[in-house]
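The data below hold one chain only, encoded as structure tokens and taken in the form predicted on its own.
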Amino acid sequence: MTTTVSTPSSIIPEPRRPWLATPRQRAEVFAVIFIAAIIDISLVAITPLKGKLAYLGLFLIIYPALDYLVVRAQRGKSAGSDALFRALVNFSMAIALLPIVSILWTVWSRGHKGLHWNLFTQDMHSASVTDPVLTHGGLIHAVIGSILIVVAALVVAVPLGLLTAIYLTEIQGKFTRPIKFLVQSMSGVPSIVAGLFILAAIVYPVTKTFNGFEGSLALAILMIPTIARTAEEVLLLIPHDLRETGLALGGTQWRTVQKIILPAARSGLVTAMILGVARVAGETAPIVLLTGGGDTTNWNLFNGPMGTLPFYIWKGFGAGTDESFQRAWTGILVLLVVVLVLFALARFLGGRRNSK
């Protein structure tokens, strides 16, 4: 016999309506924004406050207060508090995005003027950053060098970072605490320290020359803590039941990690790699110390100076001419695009599902 328990309709929560679901709500919001803008402009006009920051600061105060009063008058105190909180959250998000948008706009507005076809087909072996003709020379050597160095650093740092994370989360041996302390300490190491370490440990006593691989080693030192800490947090999110299931089916600990844990955390591990690339993509100090900053295209990481985008940008700003500044801003724009492409490729590869 089945017993049906009736639930009073008074305690059933109403479905949450999306914000601005009705034309009336949208009209009210636009009206409040319009009135807040009029008040904002009027206050700036009659007070000593001037400039873009004055308009923005006053609007961030006027709009939430006005929205709170209007909504409270129409729908009560609770609705007014909800509207005030929603406005504060939206404005906080806008303020957080404002520096990013400002940086992207500044880089684009100052860097796109130096874009030309030769930029991606020529290097700087027959030109200089102070050349008055911007179409002379390019930065293909810097793009190739940056990609090779970052990829080589990934090849070194990803296995070490992932194995460290696996040790900290799966093995948990007697060295777990000192390794975790060391990884956390290395996260704050300045990039110049990594460059000086490679310079003192490898360049002066061993190779006595500069090349791209030495720069990759310095970048790998900076990447390992980021990858290890992020991968550790991702692996800790995997339910412990999966580990017990793999062991119960007769698999060894390594097979369980290989076949169950790592595939389940794949997207998070790709994120760890992305954060590692973001950590070192624009590092200049170790690159200046170790790569030699060549002006010709060099595909060999182990032989000869290698140009990179950070070195190209640093050299352009150091020259001090209008042409060199323009080339430097163009280099910054290209660097952002290259990093964006690498991130998009990593997200695409991380989001693909196995066909099996």
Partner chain sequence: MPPIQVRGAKISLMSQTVLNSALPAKREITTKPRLSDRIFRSVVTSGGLSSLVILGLIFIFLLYQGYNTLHSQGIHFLTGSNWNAALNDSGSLDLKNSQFGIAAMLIGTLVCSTIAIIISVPISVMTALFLNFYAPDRIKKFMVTVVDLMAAFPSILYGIWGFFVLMPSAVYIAKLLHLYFGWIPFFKMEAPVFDRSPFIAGIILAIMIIPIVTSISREIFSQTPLDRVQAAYALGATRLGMIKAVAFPYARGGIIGSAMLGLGRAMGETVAVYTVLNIVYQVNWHVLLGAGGNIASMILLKFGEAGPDEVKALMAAGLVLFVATLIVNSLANIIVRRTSKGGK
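Residue numbers count along the first chain shown, from 1. None of the values given here were measured: they were computed from a predicted structure. Here the rigid core means the biggest group of C-alpha atoms that line up within 1.5 Å when the two forms are laid on top of each other.
Just so you know, the form predicted in complex with the partner chain exists too; it's not on screen, but the next bit is about it.
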Per contact check vs the partner chain in the predicted complex (non-hydrogen atom within 4.5 angstroms), the hit among 127-135, 175-183, 234-242, 111-119 is 175-183
The one residue among A73, A248, V151, I100 placing a heavy atom within 4.5 Å of the partner chain in the predicted complex is I100
Q.
With a cut-off of 4.5 Å between heavy atoms, is R266 one of the residues that contacts the partner chain in the predicted complex?
A. no
Wondering, does V288 line up within 4.5 Å of the partner chain in the predicted complex on heavy atoms? yes
Would V257 sit within 4.5 Å of the partner chain in the predicted complex, counting heavy atoms only?
yes
At the 4.5 Å heavy atom threshold, is F317 in contact with the partner chain in the predicted complex?
yes
Within 39-57, the residues having any heavy atom within 4.5 Å of the partner chain in the predicted complex are P48, L49, K50, L53, A54
Taking 2 Å as the cut-off, check whether the CA of G294 shifts that much or more between the shown form and the other one after a rigid core fit. no
Original post:
Is G304 one of the residues whose C-alpha moves 2 Å or more between the shown form and the other one after the core fit?
Top reply: no
- Message: Once both forms sit on the same rigid core, is the C-alpha displacement of F91 at or above 2 Å between the shown form and the other one?
- Response: yes
